[in-house]
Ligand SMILES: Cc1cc2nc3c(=O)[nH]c(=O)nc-3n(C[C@H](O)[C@H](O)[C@H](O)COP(=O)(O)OP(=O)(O)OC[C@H]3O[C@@H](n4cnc5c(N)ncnc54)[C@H](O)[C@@H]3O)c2cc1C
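Before any questions on binding or motion, here is one chain by itself as structure tokens, the form predicted alone.
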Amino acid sequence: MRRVISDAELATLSRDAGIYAIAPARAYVAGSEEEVAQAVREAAASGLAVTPRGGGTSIPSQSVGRGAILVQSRSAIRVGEGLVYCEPGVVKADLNRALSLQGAWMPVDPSSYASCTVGGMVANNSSGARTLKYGSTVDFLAGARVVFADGSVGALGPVAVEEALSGDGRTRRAASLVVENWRDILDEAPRVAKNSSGYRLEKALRDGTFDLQRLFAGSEGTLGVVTEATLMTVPRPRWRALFVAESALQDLDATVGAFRCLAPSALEVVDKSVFRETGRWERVSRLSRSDDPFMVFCELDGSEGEAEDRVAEAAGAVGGLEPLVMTDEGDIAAAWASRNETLTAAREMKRGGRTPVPGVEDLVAPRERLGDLVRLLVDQFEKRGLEYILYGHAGDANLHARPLIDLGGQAGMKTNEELMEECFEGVWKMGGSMTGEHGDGMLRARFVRRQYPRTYHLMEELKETFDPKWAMNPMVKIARP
């Protein structure tokens, strides 16, 4: 285990993709599961909290903290039948390449897939463009190995509910919390396709089985440190087709609705202004044929033999939109690469001290409320005279909207806080969530209680079950009472 003590390395670990900069007291780079356990025990002996860190791509600041930062260098991949065993340092792009050799796929691909790690994806319950058809990380997590706050190690996987209720202390307590409060948990769960706020209590029970590992998907390092993830895989689709249409803001809901009827694998919206204003117009110019400000990407996929008929049928069904149709794999890959560059480009947008800031950048509503979500965001931005960018997973009604604000002064910070307050309240009234895939982090932790007024106390009890001293990533996800 390497102990990081140099000021330069610690300074690098004080930032992630969020808005907070927090200098850690120390950091560890662990090369084995035992070294992870050793780091956790050593930090505890020194009175330091532990913050696990993956690729540093966290937007709501899950991977910075004042205690000890823990990085895992382990990146082995072992492919099995319908499963893949991943150490936490595996970069998702590398996992994709390894699985492609076997004709397999783990379909969750965040736009940061070239740099995000599997450990971070589990901690965050990452989603992506294809959650519309395939689901989020929690839906693929078949098992996990975990180092707990006391330095002990456990293997988590599905067990019969009766077995869980008579298992070891932590498992028994977690299962009891879920089983005894199941109705309240289901009643309060957001009615959305993707959600990374709070602990995913509603995912822990299915068909008489208790899935403890699923409670760690989206736990953001607050319950323990995942040292290995067992992920389910699916056969890689034999073909893909991509339709690209353009839309005005007021027509976005109707355009997306027309494409949604095709049962696509992905349905995205891209803000063209990001590329115009950052000198990257050539990245999307070949896809644009009008002055409408938004592009809608609709991907279809399927098994061999369906492609020609399915594409022709789909093109006919949305003929009024006059979409650009691509079936060449190279063209499709290039188009998606442009879409995945949106956030990178957006970070270069500046108006003096104003830049696109996170806060309300990951709202998600029930799929049929996309139009209401767009109106909520646009109304909030426009009444404050804010420029903004808007893109994201339109098929799931999960939008990444960022206003341009100067956070260097009190006025800007207050504006961002007001936006979070009003937009979160608006999306909760729709039955949605304040974060579809980025997680709570420090940025939204104080709002989790308000999203889950009836079941938040269960989340606090779950936290205390696995981390009684609140030493694992404190102030992230569950704000200490």
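In this text, residue numbers run from 1 along the sequence as written. Predicted model, so just to flag it, every value in this text is computed and none were measured.
Omitted here: the form predicted in complex with this ligand. The next part is about that form.
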| task | Mind telling me which stretch in 407 to 415, 371 to 379, 316 to 324, 122 to 130 gets its heavy atoms within 4.5 Å of this ligand in the model of the complex? | result | 122 to 130
| remark: Partner-free chain; cross-checking this ligand in the model of the complex, the single residue of Leu343, Ala335, Leu205, Leu262 with a heavy atom within 4.5 Å is Leu343
| Candidate from Ile59, Ala49, Ala37, Met420 lying within 4.5 Å of this ligand in the model of the complex - any heavy atom | Ile59
| message | So in the model of the complex, is this ligand close enough to Ser247 to count as touching (4.5 Å, heavy atoms)? | response | no
| query | For His393, is any heavy atom within 4.5 Å of this ligand in the model of the complex, or not? | reply | yes
| message | So, Pro88 and this ligand: in the model of the complex, are they within 4.5 Å at any heavy atom pair? | response | yes
| If you check in the model of the complex, is Gly55 within 4.5 Å of this ligand, heavy atoms only? | yes
| said: Contact check in the model of the complex: Ser111, Thr117 and Gly221 versus this ligand, with a cutoff of 4.5 Å between any heavy atoms. Do all three pass? | reply: yes
| query | Does anything in 224 to 241 come within 4.5 Å of this ligand in the model of the complex by heavy atoms, and if so which residues, in order? | reply | Gly224, Val225, Val226
